[in-house]
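First, one chain by itself: the form predicted on its own, in structure tokens.
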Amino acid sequence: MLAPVTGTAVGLEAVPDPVFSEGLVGPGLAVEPDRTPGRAVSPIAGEIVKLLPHAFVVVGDDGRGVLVHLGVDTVQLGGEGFEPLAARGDRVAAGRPVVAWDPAAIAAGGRSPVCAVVALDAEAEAVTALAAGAVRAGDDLFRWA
């Protein structure tokens, strides 16, 4: 799984939302993004099965789904600050831009811009971190065995 954004790789426990920090959605990692406008890329090759302005799910050919959630409580923004660059049903390559966004604007609005990357329907022991510290969008983030 690739890092969808540039920043610092952190554990999901660093996400200030118990749905992610307690692993209720699934295991994975998070990225504390740089505070510059950027593009969130697909962590895997596959089909975009869900695309909201602030989050998307890509399912690979092996049936595994990965959720990318841009920021905490960003659903409340009603899409403001996010620009979809793809559409539901699109097939994407790993590393293809899916959403343009501005983490600094999210933070300025009092929300955390941390980006959760979750392996859906996975067991915690199936996910192995490959990154610690600085990552660029498209770098290896974690392995899903």
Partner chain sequence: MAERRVTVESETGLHARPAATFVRVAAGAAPDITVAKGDGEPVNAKSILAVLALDVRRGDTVVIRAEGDGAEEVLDRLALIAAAP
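Fair warning: this is a prediction, and the values are worked out from it, not measured in the lab. Numbering follows the first chain given and starts at 1.
Just so you know, the form predicted in complex with the partner chain exists too; it's not on screen, but the next bit is about it.
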Contact check for D90, A100 and R136 against the partner chain in the predicted bound form, heavy atom at 4.5 Å: no
Partner-facing stretch of 28-36, 44-52, 101-109, 79-87, counted where any non-hydrogen atom is within 4.5 angstroms of the partner chain in the predicted bound form: 44-52
The partner chain contact in the predicted bound form: R96, any heavy atom under 4.5 Å: no
Residue contact check: P18 to the partner chain in the predicted bound form, 4.5 Å heavy atom: yes
Distance check, A132 to the partner chain in the predicted bound form, heavy atom within 4.5 Å: no
A124 within 4.5 Å of the partner chain in the predicted bound form, heavy atoms: no
Contact set, 1-16 vs the partner chain in the predicted bound form - heavy atom within 4.5 angstroms: none
